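Shown here is one chain on its own, the form predicted on its own, set out as structure tokens.
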Amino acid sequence: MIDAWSVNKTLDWTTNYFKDHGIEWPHLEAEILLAHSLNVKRIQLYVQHEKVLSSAELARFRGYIERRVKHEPIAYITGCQPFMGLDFIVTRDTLIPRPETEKLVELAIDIINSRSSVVSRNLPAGRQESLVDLGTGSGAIAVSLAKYLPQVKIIGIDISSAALEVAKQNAVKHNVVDRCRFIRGNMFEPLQDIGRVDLIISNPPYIPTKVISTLTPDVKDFEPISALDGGEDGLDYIRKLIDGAPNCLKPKGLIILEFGDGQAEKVRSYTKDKFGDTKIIRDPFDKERIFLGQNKSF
């Protein structure tokens, strides 16, 4: 790249450079990174298409390009990722929230709001529901639920202190810090001091260990392996969630968790007789993706 390039020329050059390096969405990512480097919205690139970038702006943008062609995810470069209509802070200590996980959150919102689901239950008037997000990471699930459900309080649990710091920042960013509490701990351990809750939600690691090496460089080389690796068959954490949930949920409490492609039958088999009602739900891409279980009445 040379100095005295306009926004238009810079975008054209970067798009071609990204194409040559196998970037899947070359023009879109060029726009995102240039807008980020100039601290403007993408639409402003077209309003200011003749603007000539300063040497400092070009240097900053060049650094982003170099990181991206090494397949560092664009979310880590910009430090943010859209999820549920909100922008979330992300770092390499946290998994990048995926679009398919939005269905997990939408389902929880619908159940809590509607009271008409076959697995929902009536609550006394004015009672505030207690929710737990196990493996909260960036807090995308927990903060989204708190943002769209003003009647709930939610606890996010994660074993990573670094991830919890990011989650706390996101709670502050979206003005729900008063209804989000983040606790460091392993799986259900913190709930021993908290007691039973109304709903447990989780997007656990579910990729089989042997599959990790076949993932794209964007994922396997940058995202935290601990948030991806689900053991030999990908179900290590899911089995722990299924085994531990009944003792942590109130009678008729709910567990909602995400699982991977091809795991639905094993999840069905493992959850048989452990809950009062169960259901497998498809994601927006029509793949079986979500397990919903209602705790038995005692």
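Nothing here was measured: the structure is a model prediction, and the numbers come from that model. Position 1 is the first residue in the sequence shown; the rest follow in order.
Although not depicted, the form predicted together with glutamine is the subject of the following passage.
Residue-level contacts in the model of the complex: of A227, I112, V176, V166, one residue has a heavy atom within 4.5 Å of glutamine, and it is A227. Put simply, of R98, H71, R184, K153 only one has a heavy atom within 4.5 Å of glutamine in the model of the complex, and it is R98. Taking the partner from the other structure, glutamine in the model of the complex has a heavy atom within 4.5 Å of a heavy atom of Y206. Residue contact check for E258: one or more of its heavy atoms lie within 4.5 Å of glutamine in the model of the complex.
Using a 4.5 angstroms threshold between heavy atoms, I194 stays clear of glutamine in the model of the complex.
Within 4.5 Å of any heavy atom of glutamine in the model of the complex lies no heavy atom of V172. Contact with glutamine in the model of the complex, defined as any heavy atom within 4.5 Å, is confined among 86-94, 154-162, 196-204, 103-111 to 196-204.
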